[in-house]
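Coming up is one lone chain in structure tokens, specifically the form predicted on its own.
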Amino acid sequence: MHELIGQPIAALDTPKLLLDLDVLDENLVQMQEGCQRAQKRLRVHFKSLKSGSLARYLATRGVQDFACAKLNEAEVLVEFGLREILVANQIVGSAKLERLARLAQLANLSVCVDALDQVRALGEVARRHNVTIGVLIEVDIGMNRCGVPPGDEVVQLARALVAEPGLRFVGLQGYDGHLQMLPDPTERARLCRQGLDRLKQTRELVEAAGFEVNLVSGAGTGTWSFACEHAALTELQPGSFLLMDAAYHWIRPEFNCSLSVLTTVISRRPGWYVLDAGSKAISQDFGKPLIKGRPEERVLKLAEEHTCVAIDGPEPSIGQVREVIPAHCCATMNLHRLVLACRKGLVEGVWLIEASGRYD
């Protein structure tokens, strides 16, 4: 695939997943500067990205801390030389704990817990492998998924964690994933601050009990600016802001879409045309994709290998190309095995997406 490097986008066979590095760079700088002004650490969430080469590219631009949702993502990061990793999830089961312990031999690794059984299992595997594993207690600040309710239960879990050899109590995580796509920015800000108030109060309880809390992690692309203004968090863990998509750009227009799927017009009729990529290449999890730079063209429907597009005006010729902005960037990355990193219309890199299609 290295023969693609230097090729113009318009000359590529399709479908192809494209990443505009100029746009990605601008998105990264904006987030970095916002976090720096607020004196918050930036931990980029790798679940959106899934490509080790992309993570290494970000590292050359100042990103050293990464979060991930799954062990396979952490394994890719370690393989590419990244060493500051938070698995922002609970790791359960002997096979996964063994993998976790092996990673902890190679990286400064932390994970989340929300139950005493998890603490004991982590401690046991850490001692057996002679490693130290960092641990954050996940606090449920309104998402109603994983996490300990704010308050005294967190203190009790911290006490058990500190007493467990092989583990290092790092701090707390409070993620407001349920707010990321909330359309009303005023309501999103209000609920974000409400949840972070509870997280801050919980931190104070833990510290009053004599336990040092060095790190409090949370927020995402949809709530990042509100979280920057709040005293609860020491770091933010957004990921989608780098890629963006049709749905998220509407929520957070300050970040532009760097991810697209290059497609070709393969059929046309009066008032509409058909592209050579469908739902197997373009996620529509959060709605219909958009045709990049062409507001007069509207996606009607996606089949597995086709996208039908309505157009106000003359239909494009068969063989013309279109870039499609997916409705969900994370899911679209998971559909592909390669992404072409482009700059100013030319292919600069061909990057594997090592964690795509994996669920372990």
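One rule holds for the numbers: they count along the sequence shown, beginning at 1. Owing to the predicted nature of the structure, the values given are computational and were not obtained by experimental measurement.
Another form, the form predicted together with a small molecule, is not on view; read the next lines as being about it.
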Given that the partner is absent here, state which listed stretch (126-134, 153-161, 195-203, 236-244) has heavy atoms within 4.5 Å of the small molecule in the predicted complex.
-> 236-244
Answer yes if any heavy atom of Tyr248 is within 4.5 Å of a heavy atom of the small molecule in the predicted complex; otherwise answer no.
-> yes
Any of the heavy atoms of Arg322 lying within 4.5 Å of the small molecule in the predicted complex?
-> no
Contact of Ser258 with the small molecule in the predicted complex (heavy atom, 4.5 Å) = no
Hey, in the predicted complex, does Lys47 get a heavy atom within 4.5 angstroms of the small molecule?
-> yes
Heavy atom within 4.5 Å of the small molecule in the predicted complex - residue from Ile282, Ile141, Ala219, Ile85 = Ala219
What is the one choice in Thr263, Gln180, Ser110, Gln118 with a heavy atom within 4.5 Å of the small molecule in the predicted complex?
-> Gln180
